[in-house]
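Below you will find one chain, with nothing else, as structure tokens; this is the form predicted alone, and questions on how it binds or moves follow later.
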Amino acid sequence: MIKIKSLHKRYPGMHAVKGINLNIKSGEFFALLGPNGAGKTSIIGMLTGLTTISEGSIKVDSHIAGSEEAKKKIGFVPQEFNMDIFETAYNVLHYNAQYFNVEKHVERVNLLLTELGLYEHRNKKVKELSGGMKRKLMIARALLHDPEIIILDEPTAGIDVESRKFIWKYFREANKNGKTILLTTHYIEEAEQLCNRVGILHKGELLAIENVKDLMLKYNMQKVTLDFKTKKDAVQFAGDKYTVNNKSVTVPGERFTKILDEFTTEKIVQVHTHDKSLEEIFLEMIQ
């Protein structure tokens, strides 16, 4: 559904995106993960036609990115709020639906307001809505023309936990119903919960493109935490290799057997094994 080939973006004095190749399948839920300045926004800008491509190409279901045909395929939810705050929620959708010639636009507007829990707030001005409600309104606006592809740029940044969970559930259902979704996020658990595959982006380069489960296996998902009788024992064991947390030390899973051979196990009270999170893997990869 999305084909990115040898993509570059250059700004004066900066090479923001460096030769990225990426294919996103129809019906996939894909996440681009990366810190600020990684190139996520530049890629989204080129994909949606808001930014020019310096080199390379992007195809949206065989259409050139930025063309009218490509734009019709995409519903975009930007990170920043960009609505008229003095308009009502209903009118924001009503005017946009008319602008894009949405058939039966009144029914479509009311349906989205209902689905996103905004119908009872439809006559409130945007400035009167909470952060979570504003984000839902932006989602409704992006979905007015029933796009095949949904692009979400930090969709839950700065909103309450309840709204975040609602949005997660909403897009899980949208994906089950066949929508192709591209997500950029700083919340690693968001990608872990929602996505089939992730791309790890750092300084304009893709470090990895993996299935979430495969990525966690590939980068050694298991860790072991050792609880010691005293903090002194923990510090003695850790040396300058590991971090001490009270009386506990966490080590990579592959070191565990060797550690037991090297250290007096009488000083160890308890052993816990647990998996690395996607966030820990991400941090290891970009360091």
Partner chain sequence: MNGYKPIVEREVKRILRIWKQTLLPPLFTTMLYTIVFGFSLQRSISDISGFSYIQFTLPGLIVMSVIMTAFSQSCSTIFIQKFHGNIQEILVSPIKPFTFVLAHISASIFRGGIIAVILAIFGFAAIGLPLQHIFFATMSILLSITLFSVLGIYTALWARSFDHLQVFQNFLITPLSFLGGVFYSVSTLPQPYLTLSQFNPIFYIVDSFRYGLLGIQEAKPIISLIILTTLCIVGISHVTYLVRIGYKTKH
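Positions refer to the first chain, counted from 1. As the structure is a computational prediction, the values presented were derived from the model and not from experiment.
One more form of this protein should be noted, the form predicted together with its partner chain, which is absent from this view; the next part is about it.
Though the partner is left out of this view, residue 170 does not reach within 4.5 Å of its partner chain in the predicted complex, counting heavy atoms only. Using a 4.5 angstroms limit between non-hydrogen atoms, residue 114 is distant from its partner chain in the predicted complex.
In the predicted complex, its partner chain sits beyond 4.5 Å of every heavy atom of residue 139. With a 4.5 Å cutoff on heavy atoms, residue 92 counts as touching its partner chain in the predicted complex. Remark: all three candidate residues (51, 72 and 81) come within 4.5 Å of its partner chain in the predicted complex, counting heavy atoms only.
Residues of just one listed stretch (207-215, 92-100, 157-165, 185-193) have heavy atoms within 4.5 Å of its partner chain in the predicted complex: 92-100. In this stretch, 16-37, not one residue has a heavy atom within 4.5 Å of its partner chain in the predicted complex; the partner itself is omitted from this view.
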